[in-house]
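The chain that follows stands alone, in the form predicted alone, written as structure tokens.
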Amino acid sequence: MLENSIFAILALFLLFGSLGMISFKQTVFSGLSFLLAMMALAGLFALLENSFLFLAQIMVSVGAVVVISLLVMLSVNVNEQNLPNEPAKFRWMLFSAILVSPFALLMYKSLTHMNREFVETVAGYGSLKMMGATLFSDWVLPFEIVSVLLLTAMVGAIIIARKEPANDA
């Protein structure tokens, strides 16, 4: 019963963080909503007793992506008059929710009728030691490629958002 209550609270945090991310006009508030959503997702991984995904979510998504994104948002000076006028934003959000709801219902129906018998796993499956050994032996190259790609994207965002010096001479 306690687990269901914790799940409901984390799901609400995830839902409100996601809605705040797309509905706030100021980028800093959207970034903080993104932080709330990522923390709630990490909490859901902890609730599932998956320690590796919980720690990876905290270190990578919260510790790196959100913090660097907030740093970029705060270093780029975005004035409110430069933001686009979106009068139909909430109508589009409602339309998208209505459009997605049949697929959500279909997914709910398929998950409730699913066979819930799980195969027995080997001892230590999903532990940090096994995941770390697999990640840094078999998957080290894709891991490094993703880290370089994220670094390149962040440098590109800073270069694009950088103000050009005024030529008043």
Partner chain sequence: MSTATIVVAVFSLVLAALLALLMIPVLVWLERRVAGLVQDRLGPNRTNVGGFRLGGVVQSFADVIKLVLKGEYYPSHIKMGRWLFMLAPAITFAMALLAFMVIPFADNIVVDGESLRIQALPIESGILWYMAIGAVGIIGIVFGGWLSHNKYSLIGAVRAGAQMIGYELPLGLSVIAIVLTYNTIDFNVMVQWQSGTVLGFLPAWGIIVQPLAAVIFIITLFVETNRAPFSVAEGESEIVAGYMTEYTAMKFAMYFMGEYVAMNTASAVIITMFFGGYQLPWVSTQFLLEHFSIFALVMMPLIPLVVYFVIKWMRKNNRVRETVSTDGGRLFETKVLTIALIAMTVIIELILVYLALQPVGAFSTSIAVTLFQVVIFVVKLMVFNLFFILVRWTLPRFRYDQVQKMGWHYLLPLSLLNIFITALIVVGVS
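Note that the rigid core is defined as the largest set of C-alphas that superpose within 1.5 Å between two forms. Residue numbers count along the first chain shown, from 1. It should be emphasised that the depicted structure is a prediction, and the values quoted were computed from it without experimental measurement.
The same protein also exists as the form predicted together with its partner chain; that form is not shown, yet it is the one meant from here on.
Its partner chain contact at residue 29 in the model of the complex, heavy atom, 4.5 Å: Yes, residue 29 lies within 4.5 Å of its partner chain in the model of the complex.
Residue contact check: residue 45 to its partner chain in the model of the complex, 4.5 Å heavy atom: No, residue 45 is distant from the partner.
4.5 Å heavy atom contact, residue 107 and its partner chain in the model of the complex: Heavy-atom contact with its partner chain at 4.5 Å: absent for residue 107.
In the model of the complex, residue 97 touching its partner chain (heavy atom, 4.5 Å): Close contact is absent here: in the model of the complex, residue 97 is far from its partner chain, nothing within 4.5 Å, heavy atoms only.
Single option in 121, 134, 101, 127 placed near its partner chain in the model of the complex, where near means a heavy atom within 4.5 Å: By the 4.5 Å heavy-atom cutoff, the listed residue in contact is 127.
Contact set, 37 to 61 vs its partner chain in the model of the complex - heavy atom within 4.5 angstroms: Counting only heavy atoms within 4.5 Å of its partner chain in the model of the complex, the contacting residues of 37 to 61 are 39, 52, 54, 55, 58, 59.
Core-aligned C-alpha movement of residue 154 between the shown form and the other one reaching 2 Å: Yes; that C-alpha moves by at least 2 Å between the shown form and the other one.
Cα-Cα trend for residue 125 and residue 48, given that in the model of the complex the distance shifts by 3 Å or more: Closer: residue 125 and residue 48 approach by 3 Å or more in the model of the complex.
CA-CA separation of residue 44 and residue 125, closer or farther in the model of the complex than in the form shown [shift of 3 angstroms or more]: Relative to the displayed form, residue 125 and residue 44 draw closer in the model of the complex - a change of at least 3 Å between their C-alphas.
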